[in-house]
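One chain comes next, on its own, written as structure tokens: the form predicted on its own.
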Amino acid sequence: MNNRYVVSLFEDEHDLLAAVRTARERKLKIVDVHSPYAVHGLDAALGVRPSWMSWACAVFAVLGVSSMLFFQYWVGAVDWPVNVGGKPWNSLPAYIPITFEALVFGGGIGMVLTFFVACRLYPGRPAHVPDPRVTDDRFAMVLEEADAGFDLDDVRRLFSGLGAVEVREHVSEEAP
């Protein structure tokens, strides 16, 4: 089954934001928006909810802290108790620097892995770039022609009036 998409290219981020708002008002299905840099306000214009990944970072950080505290206690008080200068075997202040390192390491590595899973990134996955200029100086919005009532000429006129440099149809098996 072939999928039909409309790729609209813009030169200015303000034109892109206006086009995204207009597309959402008209209930057009926005597949993706590509830009050469982060555009302030684009997530609000797209209606994107706040990310859950900060909670994943907190979980991995707590996992790193708890595992390192357990490991240091087990080594210092259970497996190999060595009396150094009369300090207790389970001295928590001595554990703090390494525990902090485990917090940063657990949160960082966990976030990288979570990001790869959430974005479905894996080695060898092909990149889908709608136009090579979006990595340099253009902004692109990809719409899906979701139903038979989709009027390509109307969309072309609409986005050309909002500052689109180019509006073209893309037919493929996968999203551009």
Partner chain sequence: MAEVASALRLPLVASDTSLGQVTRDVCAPMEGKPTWMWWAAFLVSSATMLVGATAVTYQVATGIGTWGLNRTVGWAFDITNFVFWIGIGHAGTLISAILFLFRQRWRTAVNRAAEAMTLFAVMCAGIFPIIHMGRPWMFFFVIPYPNTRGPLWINFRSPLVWDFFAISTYGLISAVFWYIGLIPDLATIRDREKPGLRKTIFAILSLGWNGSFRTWHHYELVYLLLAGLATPLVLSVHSIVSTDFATAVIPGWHTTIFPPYFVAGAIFSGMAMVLTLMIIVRKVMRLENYLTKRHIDAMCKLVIATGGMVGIAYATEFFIAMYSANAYEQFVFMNRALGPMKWAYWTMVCCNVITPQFLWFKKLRSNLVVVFILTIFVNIGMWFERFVIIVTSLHRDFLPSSWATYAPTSIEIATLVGSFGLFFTAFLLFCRVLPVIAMGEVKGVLTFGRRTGGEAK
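Just so it is clear, the structure is predicted and the values come from calculations on it, not from any experiment. Numbering follows the first chain given and starts at 1.
The protein also exists as the form predicted in complex with the partner chain; that form is not presented, and the subsequent description refers to it.
Colleague: Any of the heavy atoms of S66 lying within 4.5 Å of the partner chain in the predicted bound form?
Modeller: Output for S66 is no: heavy atoms all beyond 4.5 Å of the partner chain.
Colleague: Does the 4.5 Å heavy atom contact test between D43 and the partner chain in the predicted bound form come out positive?
Modeller: Within the cut-off, so yes.
Colleague: In the predicted bound form, does D32 have a heavy atom within 4.5 Å of the partner chain?
Modeller: D32 belongs to the contact set for the partner chain.
Colleague: I'd like to check something about V59: if you look in the predicted bound form, is any of its heavy atoms closer than or equal to 4.5 Å to a heavy atom of the partner chain?
Modeller: No, V59 stays farther than 4.5 Å from the partner chain in the predicted bound form.
Colleague: Pull the contact list for 81-119: residues with a heavy atom within 4.5 Å of the partner chain in the predicted bound form, in sequence order.
Modeller: The stretch 81-119, when checked against the partner chain in the predicted bound form, contributes V82, V84, K87, P88, W89, S91, A94, Y95, P97, I98, F100, E101, L103, V104, F105, G107, G108, I109, M111, V112, F115, F116, C119 at the 4.5 Å heavy-atom cut-off.
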